[in-house]
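Only one chain is included here, represented as structure tokens and corresponding to the form predicted on its own.
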């Protein structure tokens, strides 16, 4: 049996530890391993090479993914998916570990419905927006990058009578924003999942400013697409000169935290073990209530991730 691994979509800290564990663990199980470089594009172009221990030596501390990644428009066309399948067959690859997010899993669901492909997906996205799992690889590292930036911004904010508006990533999910707001003590948090109560918030903040508040820290999720609007609100309604910081792609980089490395190891072991059972693969490894489970790919891609209610309640406390 030959197993392969690929990364697809946005990179996430924790991918490299998963790649290393994949090679090391599969070797212990007497399996030949392959790397598929450049994600789904590489699967189409046959950039597939056998992996060895030397390929993964010294990578566990690195961010990103050594096998690179991509977003593939060609994979939406049947002829290229057929080509990808033929490439897997030519190498004798019978099992595939896929590191990626929502778009990747949707592509794999379609691929596996058309061809005899056995794969297990590992949620790997800092957005943390995959249905069925409480945690995706890369989230802890991204949150620590954001925390460090917010701590530094608050240092500056405390020296001026200003508001500081910080935009974080997360695609259409407010997970990074709400968790970052909670752990930084932000006064304002704006996410796609909850209507922005501008009038109520501005009244509270104006009252606090009258009573001595000198600055405001506001966190906004990129998925709201309202950074300019909130910037204007802070300046005109709240009455504070406002600076905007868009953290951008620094959130996707950096050395994986201890937690992300450990999670990567555990996710990968579960994935490889399931592939070796040769029993109805095409699953996604998820983490629920302290345990790793396997969900059908159809269940994962046909449902939407929802923020835990206690996180939404935390925003209510800011109103």
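Residue numbers count along the first chain shown, from 1. Note that this is a predicted model, so its numbers are computed, not measured.
Below, we refer to the form predicted in complex with ligand F6P, which is not included among the displayed structures.
**Q** Check, residue by residue, if 162, 213 and 216 all come within 4.5 Å of ligand F6P in the predicted complex, counting heavy atoms only.
**A** Judged in the predicted complex, none of 162, 213 and 216 sits within 4.5 Å of ligand F6P.
**Q** Going by heavy atoms within 4.5 Å, which of 224-232, 82-90, 162-170, 145-153 lines up against ligand F6P in the predicted complex?
**A** Only one stretch qualifies here: 162-170.
**Q** Residue-level question: is residue 68 within 4.5 Å of ligand F6P in the predicted complex, judged on heavy atoms?
**A** Looking in the predicted complex, residue contacts with ligand F6P do not include residue 68, since no heavy atom lies within 4.5 Å.
**Q** Test of understanding: in the predicted complex, would residue 126 fall inside 4.5 Å of ligand F6P by heavy atoms?
**A** Within the cut-off, so yes.
**Q** Would residue 32 count as a contact of ligand F6P in the predicted complex, using a 4.5 angstroms cut-off between non-hydrogen atoms?
**A** Contact with ligand F6P, no.
**Q** May I ask you to check whether residue 49 falls inside a 4.5 Å heavy atom distance of ligand F6P in the predicted complex?
**A** It does not: once ligand F6P is placed as it appears in the predicted complex, residue 49 has no heavy atom within 4.5 Å of it.
**Q** With ligand F6P taken in the predicted complex, which residues across 241-272 come within 4.5 angstroms through any non-hydrogen atom?
**A** Those in contact are 249, 252.
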